[in-house]
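Just the one chain here, the form predicted alone, laid out as structure tokens.
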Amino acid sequence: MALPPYASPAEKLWFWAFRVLCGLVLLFLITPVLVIIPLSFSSGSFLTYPLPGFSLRWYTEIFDPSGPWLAALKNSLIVAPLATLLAMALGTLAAVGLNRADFPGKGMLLALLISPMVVPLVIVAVGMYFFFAQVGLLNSYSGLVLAHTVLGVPFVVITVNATLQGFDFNQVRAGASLGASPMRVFFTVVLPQILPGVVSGGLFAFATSFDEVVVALFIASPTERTLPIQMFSGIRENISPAIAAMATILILLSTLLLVTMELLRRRSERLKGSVE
């Protein structure tokens, strides 16, 4: 918001002071992230400033085919996309069903669906550990994918539910009156309009799975060690700039996800404007 020309000196002072304060807070929050990036190019073996020199040796180490980093990255790239797809499918169906139906206990069911977001993660991990042990899903990719799906579904439910608030369900009735099946109406009428919410929830679910370490420590075996577990183990055993190199890659990935979500938000606004 621009400063109005008739603003008093006190309002002008507050206008600029507020922006300077916001800038300082943003700088305080982002500085620890930015400090990591130069350390990933250090030629030394420790995370220290000033840098003894610049080198790509740590990026070479994490992309070594015989090293643990690439194996952990491969596991994460197996688990996270599968968990994301399952979370998107289940979360979208749950959100659409909860919006269309009206029954006793609807609020309690919604609270149950989003409970993995609010319940402490350690409690969720312990509960999953004992349950998966009973059904034989411990130490397997299937168990890890299902566990991360449970963590990702709440994000999809919330974003799709928010998108559906502006959706006109008369379009569904119109499609049905023209002879279209419920499946065809969903894929040709409903899904294209709520797709930004579905994808946004999927991005959150992917980021949650790709960055999750607590549940993976309980569920995964050493052969399913994901990237966060590898980083956690590296911090405990031997802190090297290789961790900073992988953290830099994750920062770039997170930035890409944020840009994608912003583009989806703008697309959603354009779609709403065209409908109105």
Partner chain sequence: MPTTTLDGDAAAPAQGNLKSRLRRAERLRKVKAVSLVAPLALFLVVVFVVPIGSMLFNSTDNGSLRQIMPQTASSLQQWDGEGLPGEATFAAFADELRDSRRGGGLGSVGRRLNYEDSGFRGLLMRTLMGLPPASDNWRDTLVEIDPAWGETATWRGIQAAAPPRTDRYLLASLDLERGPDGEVQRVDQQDRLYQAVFQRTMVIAGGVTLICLALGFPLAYLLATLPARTSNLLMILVLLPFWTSLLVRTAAWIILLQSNGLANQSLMALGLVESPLQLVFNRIGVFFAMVHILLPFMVLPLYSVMKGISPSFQRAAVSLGAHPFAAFWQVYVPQTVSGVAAGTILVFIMALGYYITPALVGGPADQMVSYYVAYYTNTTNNWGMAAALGSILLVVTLLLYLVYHRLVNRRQLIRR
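Rigid core: the largest C-alpha set superposing within 1.5 Å between the two forms. Numbering follows the first chain given and starts at 1. Everything quoted here is computed from the prediction, not taken from an experiment.
Another form exists, predicted together with its partner chain; not displayed. Remarks below refer to it.
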Answer yes or no: in the model of the complex, does its partner chain come within 4.5 Å of a heavy atom in every one of Val79, Leu138 and Ala174? no
Contact assignment for its partner chain in the model of the complex, among Gly53, Pro32, Pro222, Pro65, heavy atom within 4.5 Å: Pro32
Answer for Pro120 alone: is it within 4.5 Å of its partner chain in the model of the complex, judged on heavy atom distances? yes
Quick one: is Thr48 in contact with its partner chain in the model of the complex, heavy atoms, 4.5 Å cut-off? yes
Is the gap between Phe204 and its partner chain in the model of the complex 4.5 Å or less for some heavy atom pair? yes
Is the gap between Glu61 and its partner chain in the model of the complex 4.5 Å or less for some heavy atom pair? no
Could you pull out the residues of 245-264 that have any heavy atom within 4.5 Å of its partner chain in the model of the complex? Ala247, Leu250, Ile251, Ser254, Thr255, Leu257, Leu258, Met261, Glu262
Core superposed first: is there a CA shift of 2 Å or greater at Leu256 between this form and the one not shown? no
